[in-house]
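Only one chain is included here, represented as structure tokens and corresponding to the form predicted on its own.
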């Protein structure tokens, strides 16, 4: 069932023990690097793309255990699944030149080759773990850089295809679940404050994606003139601040409308456990209420790991690969509901493969 999509298991990110993990869903660090011996992406010819792929692959595989994926050999559904697992970017999905992806053995590092920049080295983990994941990403970046010469300028730092990535080339982001702020209508004020200090606010899949299920991705907008540690600490401090405000909003909700919100939470769980048809958007909204219930202690018999797994597997491409079938939208909604019922009853067959 999952043998053909091992990255889906690797991307589950279960077992995270960080604080406030119901609010802080995940942390990501991404580094943009270009090689000085190759033209930048906009002038990179096909033969140079092939050469860059082979060179990067040989260096990475010579230093780390993992899986290399030639994106040209994947079915469309599998490429969509990689995006749904946050292992590639929307821009990478649309590239029409030779591209490759490296996934580390334990699934915590992915490296896109021939995206907007030659290399996009990314680390993704559950909860608020930017410090740990950045250390891992920088280890990869340093060891790979021992054999691949990065494009670097003394005045501007690391050179990138887009000027907004100049300098450190670093994007740090956190995915936050903020239903309390959404309900109390404070979310716009809080996020406007984030924008004013140089942060970007996006949806589940980053730039250009919609905000659904009260999920907000917050990342730095600027990379030039700042140290990596400063960028990361700014995101961490902002995350703690937003988390505190979200908790206060939840306290307000349960002070003023406890029974109404408990009713919403338990109704959502009841629908998830019994529905026969479930769309992607409805799933996200119901999971948001369930996640809220777990975070407030209202729901005690469903774990966050289960909710995280459902949120990942129930996405359009992933649910088709889970069942090993190409499905029309209506049939997909039926099978999604089937999977969710099984998962919440403890009968789901997804397991971590060796």
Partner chain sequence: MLCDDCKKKPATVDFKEVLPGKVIVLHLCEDCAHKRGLMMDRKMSPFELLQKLLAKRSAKDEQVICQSCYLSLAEFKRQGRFGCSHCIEQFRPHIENLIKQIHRSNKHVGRRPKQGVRKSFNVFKLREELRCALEKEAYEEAAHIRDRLKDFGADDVE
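Small disclaimer: the values here were computed from a predicted structure and weren't measured. Numbering follows the first chain given and starts at 1.
One more form of this protein exists, namely the form predicted together with the partner chain; it is left out here, but the text below deals with it.
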**Q.** Candidate stretches 266-274, 139-147, 239-247, 105-113, one within 4.5 Å of the partner chain in the predicted bound form by heavy atom
**A.** 139-147
Q.
How about residue 167 - does it come within 4.5 Å of the partner chain in the predicted bound form, if we only consider non-hydrogen atoms?
A. yes
(Q) Under a 4.5 Å heavy atom criterion, is residue 161 part of the interface with the partner chain in the predicted bound form? (A) yes
Q) Looking at the partner-bound form in the predicted bound form, is residue 322 within 4.5 Å of the partner chain by any heavy atom? A) no
Q. Does at least one non-hydrogen atom of residue 81 fall within 4.5 angstroms of the partner chain in the predicted bound form?
A. no
Q: Assess the spot marked by 151, 154 and 226: is the partner chain within 4.5 Å of a heavy atom from every one of these residues in the predicted bound form?
A: yes
Q.
Give me the residue from 70, 305, 37, 61 that has a heavy atom within 4.5 Å of the partner chain in the predicted bound form.
A. 37
Q: Work out which of 221, 234, 131, 252 lies within 4.5 Å of the partner chain in the predicted bound form, going by heavy atoms.
A: 221
Q.
Residue by residue through 289-321, which ones have a non-hydrogen atom no more than 4.5 angstroms from the partner chain in the predicted bound form?
A. none
